[in-house]
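Next up: a single chain in structure tokens, the form predicted on its own.
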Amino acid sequence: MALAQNAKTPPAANAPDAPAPALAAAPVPSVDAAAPVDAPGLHNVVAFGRDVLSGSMPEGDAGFDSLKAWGVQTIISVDGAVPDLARAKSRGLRYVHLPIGYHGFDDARKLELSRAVRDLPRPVYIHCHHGKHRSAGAAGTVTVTLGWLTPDQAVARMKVAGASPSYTGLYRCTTEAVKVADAALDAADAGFPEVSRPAGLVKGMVAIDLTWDNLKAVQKAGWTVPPDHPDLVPAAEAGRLADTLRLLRDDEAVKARPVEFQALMARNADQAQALEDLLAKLAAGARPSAEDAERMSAIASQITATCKACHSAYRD
């Protein structure tokens, strides 16, 4: 089922002539919609053009049923967590896993994502965890790279999705994108993996330590960009911590650990997510209110306490 027409986007070669009946509780999002759409098992869905949607990770059977009802044929995850392949395959949906960071992504990943959207069956649904930041940044960059939107149009759709201005790297990927020649896309990696495996528990813990050091510097600076570390984006650091913890939950070494260990990691991920949500509300470089700063520091203390409890029981 084709999405609402965008004049700048060529018709999908595999789109049927007549749309199939929509079975989801919500209509297919329009490219002109001024607000995100929710559907059963899906949140924050925004159309970036005909046959290109951005939104949250599908939740359970309901989320995949909604995508199927909308006619989606390919799902692209830019989140770190391992995709739910079983539910997707049972509905005949193709999954591609190409994670990106909160700081943005390089040209190789940009071309890889763009080639996937160009070449794989459409409509395409691009998702991260919540569907506000990374999926919107990926959809914006891809549609500009393919020449389907201008940077200004793509940025406008990112803002509809609620992409925080704190994620300057994601916005920069879109504003600096240009339409590329087919030859450049043809040269991009077309492996399109179903799953990009986690780096492993040891590497994950190293990444967590580095990210936590960055967040402590952010906290010391009043939950804003540290003067001696101007490259840090506070919300992106918190998001990277949450994403790494979620990703590690799918690691085989973690799954082999006691359920209490897994529960502590899940609690840590939720705490990091709460911290990111607060930081993402801020404009780039802005300071939080005294109340929000106090809440952030309280969450940071909770993260520290959870880490210590885990280390005491399972490492020390």
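C-alpha atoms forming the largest set that superposes within 1.5 Å between two forms make up the rigid core. The structure presented is a predicted model; accordingly, all values stated were derived computationally and were not measured. The numbering used is simple: start at 1 and walk along the sequence shown.
Only in words, not in the display: the form predicted in complex with heme C (HEC), which the text now covers.
Check whether Leu278 has any heavy atom within 4.5 Å of a heavy atom of heme C (HEC) in the model of the complex, and answer yes or no.
Outside the cut-off, so no.
Give a yes or no for Cys307: in the model of the complex, does one of its heavy atoms lie within 4.5 Å of a heavy atom belonging to heme C (HEC)?
Contact with heme C (HEC), yes.
Answer yes if any heavy atom of Leu264 is within 4.5 Å of a heavy atom of heme C (HEC) in the model of the complex; otherwise answer no.
Taking the distances in the model of the complex, the answer for Leu264 is yes, it comes within 4.5 Å of heme C (HEC).
Mark Ser56 yes when one of its heavy atoms lies within 4.5 Å of a heavy atom of heme C (HEC) in the model of the complex, and no otherwise.
Contact with heme C (HEC), no.
Name the stretch, out of 264 to 272, 280 to 288, 34 to 42, 58 to 66, where some heavy atom lies within 4.5 Å of heme C (HEC) in the model of the complex.
After filtering at 4.5 Å, what remains is 264 to 272.
With heme C (HEC) left out of view, which of Leu201, Leu98, Ala217, Val155 would have a heavy atom within 4.5 Å of it in the model of the complex?
Filtering the options by heavy-atom distance leaves Leu201.
In the model of the complex, the one of Ile208, Ala81, Val225, Leu111 near heme C (HEC) [non-hydrogen atom within 4.5 angstroms]:
Comparing distances to heme C (HEC) in the model of the complex, the residue within 4.5 Å is Ile208.
In the model of the complex, residues of 291 to 305 near heme C (HEC) [heavy atom within 4.5 Å]:
Result: Ile303 alone.
So that I can tell if Glu237 moves, could you say whether its C-alpha shifts by at least 2 Å between the shown form and the other one after the core superposition?
Glu237 C-alpha, core-superposed: shift of 2 Å or more.
Rigid core aligned, does the Cα position of Glu59 differ by 2 Å or more between the shown form and the other one?
Moves: no, less than 2 Å.
Has the Cα of Ala272 moved 2 Å or more between the shown form and the other one, judged after a core fit?
Where the cores coincide, Ala272 still shows a C-alpha shift between the shown form and the other one that is 2 Å or more.
Comparison of CA distance in the model of the complex with shown form for Arg246, Glu59, at least 3 Å:
Relative to this form, farther apart in the model of the complex.
With a change of at least 3 Å, which way does the C-alpha separation between Ser77 and Glu237 go in the model of the complex: closer or farther?
Compared with the form shown here, the C-alpha atoms of Ser77 and Glu237 sit closer together in the model of the complex, by 3 Å or more.
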